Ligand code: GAP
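The form predicted on its own is given below as one chain in structure tokens.
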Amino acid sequence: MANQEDIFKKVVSHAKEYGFIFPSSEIYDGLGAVYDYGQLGTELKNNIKQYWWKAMVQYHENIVGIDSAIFMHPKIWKASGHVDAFNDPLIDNKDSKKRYRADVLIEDHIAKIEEKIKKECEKAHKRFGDAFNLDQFVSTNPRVLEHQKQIDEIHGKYAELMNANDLAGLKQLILDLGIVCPISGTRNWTDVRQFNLMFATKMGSVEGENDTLYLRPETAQGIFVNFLNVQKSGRMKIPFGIAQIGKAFRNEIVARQFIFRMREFEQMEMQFFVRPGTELEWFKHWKKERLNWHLALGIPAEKYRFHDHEKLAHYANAATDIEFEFPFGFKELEGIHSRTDFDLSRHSEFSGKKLQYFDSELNENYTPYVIETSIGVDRTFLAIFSHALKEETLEDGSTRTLLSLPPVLAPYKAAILPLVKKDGLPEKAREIMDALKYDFMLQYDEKDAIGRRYRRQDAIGTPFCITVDNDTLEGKGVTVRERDTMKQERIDIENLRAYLHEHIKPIQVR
């Protein structure tokens, strides 16, 4: 695990050193679990959002996008259940005075057992080499089977307690599993208590009883309350979807793991409205679609897995998470939920307005069912960034730090580099940059030796370096260096635009 911790520390350090992510308010000693995106982080984040938006909205005729307000009528959160039930089960260690989410402590304990299974498989793989059959090993090895039995038993008990909201039972499970505080190493736990996660604020200049607003803890409700507005103004026919990218806020007591769990974060959500009775077919459809979106990034399939929910929200009839193997283990990246008609029905009840759809094929009104896909922008950033960050040893024994981002997501698509700062090379390089900057995000760099500049661009993920030399002035083109292979080829200046367009294609989701 120490190795994984070292990798994670390098991710955090690299993100700050190269202008991707900074601790917020750092000159005032920071603000817990709040981060600012730097100049390169903003570009990468925007590119991720654009990739999602194109895949969900641009490539689907029956999905449209909106941008709803962060402030909404407080009754919305009463109707959605957030006022009464948006809670985390928290537990304190009396010795360290540290507070933890009870469910996370149990999930971390399960992750440690999963790590034991992984190590057994790695040992066996080394022993048997190419003859190793993973499926056969995990289904027959006694130690793996025993570990898996432990996991299944804990999952079953944990789901039962969470469904029953049995806080005393959760504490007892923590004690029975021998879970200790990571700081004090003791099991001296308080009782488990519920804590509401919404940030409250006031509207208006005079405080009264009815002026409490909440910063939205999710973007979905802004979609539901605009269901009729979008459906009627867009003449949308079922099935159709409404997508949104926006900020959400949760007063996480146990915010941790860099940008994985923050108090201010960004979501990419799509609510897909369907006929009642067809929702489970659409649930399967969107499970497949969303996993394909992730796999299209070129990250290996084994880094992802589905985790079907054992504890279903009271309004759901199916739910799964797409989990990603972060440096700190498999964790939720995206949720896909079949929410039935709960949301529209509740808002109809609390608002007094009918949120129904007239189906001309069936000649009847009904409240649509909803399939939700919800993914965190920040978690997606962390998944892509942590996977892309590598240290390579080259043939000459030297090392380089490489951020192997998909080219279309990279902050800069190319760097324009004059070989030296004289002989008219900077002027020619600027001329090339001016010709290409309307098509591509570029960086100009003339400081240091060319090798050091290459290394700098490798570290920030720039897929191509375009070097201008004396031959360029004689009409012999430029040298284009590819980031991952470091191969170089000579390209005529008039072909540069077409070359970059060809090699920086939009990601196609199959």
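The numbering used is simple: start at 1 and walk along the sequence shown. Since we're looking at a predicted model, the values are computed, not measured.
Keep in mind the form predicted together with this ligand is missing from the figure; the text below concerns it.
Chemist: So which of 145 to 153, 419 to 427, 298 to 306, 265 to 273 is the stretch with heavy atoms within 4.5 Å of this ligand in the model of the complex?
Modeler: In short, 265 to 273.
Chemist: Work out which of 375, 344, 161, 223 lies within 4.5 Å of this ligand in the model of the complex, going by heavy atoms.
Modeler: When this ligand is considered in the model of the complex, the option within 4.5 Å is 375.
Chemist: Of the residues 214, 227, 260, 286, which one places a heavy atom within 4.5 Å of this ligand in the model of the complex?
Modeler: Only one listed residue qualifies here, and that residue is 260.
Chemist: Hey, with this ligand in the model of the complex, do 250, 334 and 337 all fall inside the 4.5 Å heavy atom range?
Modeler: Yes, each of 250, 334 and 337 comes within 4.5 Å of this ligand in the model of the complex.
Chemist: Report whether the minimum heavy atom distance between residue 92 and this ligand in the model of the complex is within 4.5 Å.
Modeler: No, residue 92 stays farther than 4.5 Å from this ligand in the model of the complex.
Chemist: Does the 4.5 Å heavy atom contact test between residue 290 and this ligand in the model of the complex come out positive?
Modeler: Taking the distances in the model of the complex, the answer for residue 290 is no, it never comes within 4.5 Å of this ligand.
Chemist: Would residue 88 sit within 4.5 Å of this ligand in the model of the complex, counting heavy atoms only?
Modeler: No, no contact at 4.5 Å.
Chemist: Is residue 107 close enough to this ligand in the model of the complex to count, meaning some heavy atom within 4.5 Å?
Modeler: So residue 107 does not count as contacting this ligand.
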